[in-house]
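Listed next as structure tokens is one chain, alone, in the form predicted alone.
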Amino acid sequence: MDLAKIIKRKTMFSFEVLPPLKGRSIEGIYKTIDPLLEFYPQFINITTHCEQYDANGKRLRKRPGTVAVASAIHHKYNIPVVPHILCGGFTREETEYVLIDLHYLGITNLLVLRGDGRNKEHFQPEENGNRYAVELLHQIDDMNHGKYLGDTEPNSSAKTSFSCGVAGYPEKHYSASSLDEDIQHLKEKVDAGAQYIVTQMFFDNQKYFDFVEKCRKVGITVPIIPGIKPVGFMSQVDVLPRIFGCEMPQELDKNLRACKTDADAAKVGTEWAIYQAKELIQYGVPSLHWFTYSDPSQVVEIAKAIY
């Protein structure tokens, strides 16, 4: 099912899971999904992780298997799955192979991302890799028109049918000089064929409301889905803003820093996420997209309070 066609319904429920660590069973993914089925998820995102290096310079991938995990979820639950497709860490040829495999499996919804590659601060694509998500969107669009790498002419019998979403950053991407510049780049991705936007996590709904308004003013009309991460640990009051570039509202920051245990922090995070979700539903968002980090417990508690 083309995800872009179902997003226009009333506020949906969706979430993101991580592939298991190398050597771990896929049963852990099922244990994340099963408790969330009662809320009728309309789609499930699966993250992709590029190669990393250990302290000795050895290459490794801690979470391989995105294509296989997407296929397993797709066929077990009959729910649309959305694997992440990255620029960082992959050549254009490797990307094409992944896309061909996904199309063979009947998985045609994608979230197209630049990713961080091997160096978050100074992104470098692989040799013969896509540097920006808009370039990756163009590669996917070529395949949708039957044109593959090395082809001089499109082949109408070999067209794919991918539907793509992209990421948005209500508080701007760390590499952008300003939010306005970041939104202009987002507009380029929409013009290149992106059919919806999923935002990075945020904790201040006004940031999301302002972001949507700015997007609409520059002509971005596609659905903008808010991504929400419930705070679950005391350390996340500092870790999440540092890693994801999101600002903690003063009230939330104060309440989290007053916590004595992670259980206290999880309670504060859950209450805050419920408040966020209720206000976002009232605003009329197309979906609430939850970053589970493969632990469904908080999301289950929140969903029971709002659905």
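From 1 onward, residues are counted along the sequence shown. These numbers come from a predicted model, not from an experiment.
The same protein also exists as the form predicted in complex with a small molecule; that form is not shown, yet it is the one meant from here on.
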For this session: Go through 246-254, 261-269, 41-49, 27-35 and give me the stretch that gets within 4.5 Å of the small molecule in the predicted bound form, heavy atoms only.
Result: 41-49
Exercise. Hey, in the predicted bound form, does P80 get a heavy atom within 4.5 angstroms of the small molecule?
Worked result: no
Exercise. Is there a heavy atom of A72 no more than 4.5 Å from a heavy atom of the small molecule in the predicted bound form?
Worked result: no
Exercise. Hey, in the predicted bound form, does Y132 get a heavy atom within 4.5 angstroms of the small molecule?
Worked result: yes
Problem set entry | Touches the small molecule in the predicted bound form: F90 (any heavy atom, 4.5 Å) | no
Exercise. Among the candidate residues K214, K207, H173, H103, which is the single one with a non-hydrogen atom no more than 4.5 Å from the small molecule in the predicted bound form?
Worked result: H173
Seminar exercise, completed: As a check of understanding, the residue in A192, V98, V222, L113 with any heavy atom within 4.5 Å of the small molecule in the predicted bound form should be identified as L113
